[in-house]
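Only one chain is included here, represented as structure tokens and corresponding to the form predicted on its own.
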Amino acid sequence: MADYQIITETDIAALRRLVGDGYVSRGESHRELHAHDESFHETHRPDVVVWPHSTADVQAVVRLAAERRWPVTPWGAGSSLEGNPIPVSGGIVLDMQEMNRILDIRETDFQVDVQAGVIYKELNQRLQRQGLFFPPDPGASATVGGMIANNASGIRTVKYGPTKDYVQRLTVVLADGRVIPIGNRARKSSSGYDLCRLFTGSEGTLGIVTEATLRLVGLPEKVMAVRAAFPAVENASQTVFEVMSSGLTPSAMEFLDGAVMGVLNRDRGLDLEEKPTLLMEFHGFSEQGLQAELELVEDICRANGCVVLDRGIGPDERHRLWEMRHLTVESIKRVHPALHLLIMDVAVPLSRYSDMVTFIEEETRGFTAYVFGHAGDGNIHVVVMDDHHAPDRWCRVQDLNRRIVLQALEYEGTCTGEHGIGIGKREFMRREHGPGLDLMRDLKSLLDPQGILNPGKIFPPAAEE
């Protein structure tokens, strides 16, 4: 751990001179609010919270932090699930939510320029007027900066890809306070190293993203959805493989096990079959083309024993189903108000998806567990509800998490499909990346030699390797 300096009252006064008196706080409530994310990980309070309004503000704060050797942790919406923005070494939390301006919408280029604190849902509401949208959809009210830091994805990744596929330009503040613009507006480039990809997914450990140019996509002309229920998990997971290998291009393909469907019925007053279920959505330019796709989907579902099939779901029902899917975790929490949750997140090759789901179903017997995920891209989530304050029980939950992650790695998958490494997945980095982890450390040391940017994330302590 680096030897960081204490932030004094004199230092607080200096920060206030940089960004304005009303945008620096040592108040208990502000520090507590920024001590945790949505995960179960131990809370750590920052020494001070700063709300910048511009790249110049971030630059000034980081320059001072570099001079005084203070840790700096960027903060988006605090919706992360692996402790990614928790300030484990104290210091400064840079809350980016005041940097929430849409700077320019370039319709003819299919691009938008934004500050890092823009909420992606609000961005898409604004873009809808131009018939455009930013496809990554993590569900939570995440900021664009947080999505870039985590390389966020979501229900539409199967067709449109994750955040990294939409980042064209970035403005980044480095650990020494330098500001670098990277990327360009061209739709393709073979010019040098892809620095946008380097910073996307780095969780604020290499630099702080303050502005971004994002690639956009036109809103689809026609949308159709399908809900299919199956007698067993194996039938549903085999359907996933066959749909994806058939050449069909669903824009979303979500798996929910029978237990999840039961929770949704109880919490949201629904009457859906409590069986393993696939929710699928297809985008196209004509209803005739979508109907042809849905006929093939129906054939595949019925060949795999589908017991209920709703096809051609209208817009109102489709909206209700996706709202239900986005609020799955909230429904699980409400049904178990006395328990705490651990959300597991792994991804495997599609050829192993059925095996991985079967493994999880077997391993979670005896737990209060729910399995769902973005089936079309091999991403699986497991929510386990238990008592975080009972050490023996919680250790059992964490052991389950390790077994599931190690099995995903055995299948040549990844320890995290979309939630990032943060604190929770550090222990698996050597197992997944081998010597590649050493190169990552070298890059971190090169760009942040003092280790002040979001310390304690991504890299396991040497004693744990």
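The first residue of the sequence shown is number 1, and the count goes up from there. It should be emphasised that the depicted structure is a prediction, and the values quoted were computed from it without experimental measurement.
Another form exists, predicted together with a small molecule; not displayed. Remarks below refer to it.
With the small molecule left out of view, the stretch that reaches within 4.5 Å of it through heavy atoms in the model of the complex is, among 205 to 213, 183 to 191, 232 to 240, 255 to 263, 205 to 213. Proximity to the small molecule in the model of the complex, taken as a non-hydrogen atom within 4.5 angstroms, holds for one residue of Val158, Leu123, Ala77, Val88, which is Ala77. A heavy atom within 4.5 Å of the small molecule in the model of the complex is found for one listed residue only; from Met344, Ala228, Ala116, Ile92, this is Ala116.
Judged against the small molecule in the model of the complex with a 4.5 angstroms heavy atom cut-off, the residues Leu350, Thr364 and Asn401 are out of contact without exception. The small molecule in the model of the complex comes within 4.5 Å of a heavy atom belonging to Glu38. The small molecule is not shown here, but in the model of the complex it comes within 4.5 Å of a heavy atom of His419. Within this chain, His374 lines the site of the small molecule in the model of the complex, having a heavy atom no more than 4.5 Å away. Taking non-hydrogen atoms only, Gly378 never approaches the small molecule to within 4.5 angstroms in the model of the complex.
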